[in-house]
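Below sits a lone chain in C-alpha cells, taken as the form predicted on its own.
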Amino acid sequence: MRDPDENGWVSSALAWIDGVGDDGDFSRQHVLDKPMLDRIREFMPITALDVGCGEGRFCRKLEKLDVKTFGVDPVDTMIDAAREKHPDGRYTVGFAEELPFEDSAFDLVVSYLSLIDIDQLENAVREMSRVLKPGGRLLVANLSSFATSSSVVGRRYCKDTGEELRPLGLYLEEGKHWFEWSGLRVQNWHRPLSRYMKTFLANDLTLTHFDEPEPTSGLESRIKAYERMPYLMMMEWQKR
C-alpha cells in the first residue's frame, strides 16, 4: 500500500485548501484557467476525469460547462473538502498510477498541475490513456521544465542591477525536491521536457496542442515575473 503522504500533501492539505480558495492561486486564476477552458470548449466532452483534483476547484468549473466530471485524488482531506464544496459532485480517493475506472470511460482526462507531484510518471500516463476513449483528449497543465530546473537552484540576483535571475540547474537530471511556502511543505519533481514528451508518445497519444501561456490579468509585478521565463506549459494529446 502506498503512503499518500510520501510527498507531503497529506500534512499540507489544510493549508492548501485554506489558501487556494475558490479562485485558485495566481497560476490558475490568471494564467491557466482561461486557455484550459478554451481548449475544453472547442470539443465539449460529455464526460471528464480530473486526475489530482485536490479540493475540486477545476471539477466545479467543468460542471458549469455541463461536463459530467469525476475527480480523483490520493489525499482523503482533499476529497472530503471537494465533497463539502460540491455535494452533488463525483469524487474518489485514488492514485493516478492506479485509476479506479474502467477502460475507455472518459472523453476528457485533465492533469492540472499534478504531474509534478507524481513519482511514477509512466504508470500515471499509461493509466490516463487507458481510461480515455479512442479520440478522447488528455489535457495537461504543468510547470515548465525550465521552471522546475531553476527552482532547484533557488533565487539568484544580478550583482550590478539587483534583478532576480532564474538560472537553470542540472536540467537533464531528474529529481524531486522539497519546497515550502505559505504553510505547505511538499515535494515536486523536475523532469526535462523530453521525458514528458517521450512518455506521452509511448502511450497511443498524438500531440494536438502545445502552449506556454502568459498571464492575462493580475498584479503587474507578478506578470513581469512570469514573463521572464516560460513558467507554465499546456499540452493536449489525443488518443489514437
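All residue numbers refer to positions in the sequence shown, first residue = 1. Not measured: the values here are computed from a predicted model.
What follows is about the form predicted in complex with a small molecule, which we do not show.
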{"property": "Candidate stretches 93 to 101, 154 to 162, 131 to 139, 80 to 88, one within 4.5 Å of the small molecule in the predicted bound form by heavy atom", "result": "93 to 101"}
{"property": "4.5 Å heavy atom contact, D117 and the small molecule in the predicted bound form", "result": "yes"}
{"property": "Contact flag, R28 vs the small molecule in the predicted bound form, heavy atom cut 4.5 Å", "result": "yes"}
{"property": "Heavy atom of A105 within 4.5 Å of the small molecule in the predicted bound form", "result": "no"}
{"property": "Distance check, L121 to the small molecule in the predicted bound form, heavy atom within 4.5 Å", "result": "no"}
